[in-house]
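Shown next as structure tokens: one chain only, the form predicted on its own.
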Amino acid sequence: MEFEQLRSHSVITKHPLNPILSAKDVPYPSRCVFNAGVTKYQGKYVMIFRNDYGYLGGCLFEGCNLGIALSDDGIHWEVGAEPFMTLEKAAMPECKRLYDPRLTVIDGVLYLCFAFDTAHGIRGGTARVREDFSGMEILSLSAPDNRNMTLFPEKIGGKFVRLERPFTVYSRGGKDRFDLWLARSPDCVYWGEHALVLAVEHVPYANDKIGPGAPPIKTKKGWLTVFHAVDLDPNRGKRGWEDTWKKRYSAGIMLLDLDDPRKVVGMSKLPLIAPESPDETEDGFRAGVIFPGGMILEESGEVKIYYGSADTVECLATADAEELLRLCVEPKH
């Protein structure tokens, strides 16, 4: 496949109001709003988003926090007056940056997965969000280097299950070559039973790394699961605010077995969502980036997929659940 010809699949419709959330919607310092976790909880759509503020040039920002927004329709959002979580509120030892939230409701409880930087590596965290959104209770913090954690929306075999992406730099020749893994836990605190789910070489439109995206959604045929896929082209030059940006992020889709989600039932050989519009490929902090962080199955059969665009704004795409399933199980795709 020619990477330069990547396009979103025809089953996908990008919302005409995109971006559905951007820095101008945030009532406190903000420059980039993206990579949000989105779910339904207590009769509302809930979004917790990454908020980078105080751009300093290059790839540097003054800081990053997590904002919160609520919606009645999943399209129009009201942002909270203050950040949901800051470094000060989190009070986590060594934490230098808190970012990339993912939201999942399990047995009526709202859980948050997130990444955070420390002086000794990138770690992933899992927390329980308070019902009034006033904060969170941290349940587990991974060892470095791990991130992109997403929880399945129900226990499988009596255990919590999450997808994750460890950074296997040293053992993979010192280069990006990161795959998508699974772990289990009896209590969302102690994690083990790690297993490889999907590798870079399994994805035709990735040559650099892959990893989890939004938490999976349950269907009769399996766990419908989006993931991010990255291709690297050393000939790419300035594509955003930085001097150079050589990567492109797309979203893929696969189906995992209901009882044993280590097993890939099927996967589309084509990207599901690719950067193609001007605001995705020309503008923004890092052009050419699509990163899915939230996916909701509506009663109508519509699937809402929320994704960060160009590491700058939050967008929405929709598709029919049955068409997404066909992409994963029919060989021609």
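In case it trips you up, residue 1 is the first one in the sequence shown, and so on. Keep in mind it's a predicted model, so treat the numbers as computed, not measured.
Just so you know, the form predicted together with a small molecule exists too; it's not on screen, but the next bit is about it.
Against the small molecule in the model of the complex, the set F34, F291 and D311 is in full contact: each member has a heavy atom within 4.5 Å.
The small molecule in the model of the complex is not approached by K304, whose heavy atoms all lie more than 4.5 angstroms from it. Taking the partner from elsewhere, Y99 is found to have a heavy atom lying within 4.5 Å of the small molecule in the model of the complex. Contact annotation: K209 falls within 4.5 Å of the small molecule in the model of the complex, judged by heavy atom distances.
In the model of the complex, none of the heavy atoms of R162 sits within 4.5 Å of a heavy atom of the small molecule. Of the candidate stretches 242-250, 210-218, 192-200, 179-187, only 242-250 has residues with heavy atoms within 4.5 Å of the small molecule in the model of the complex.
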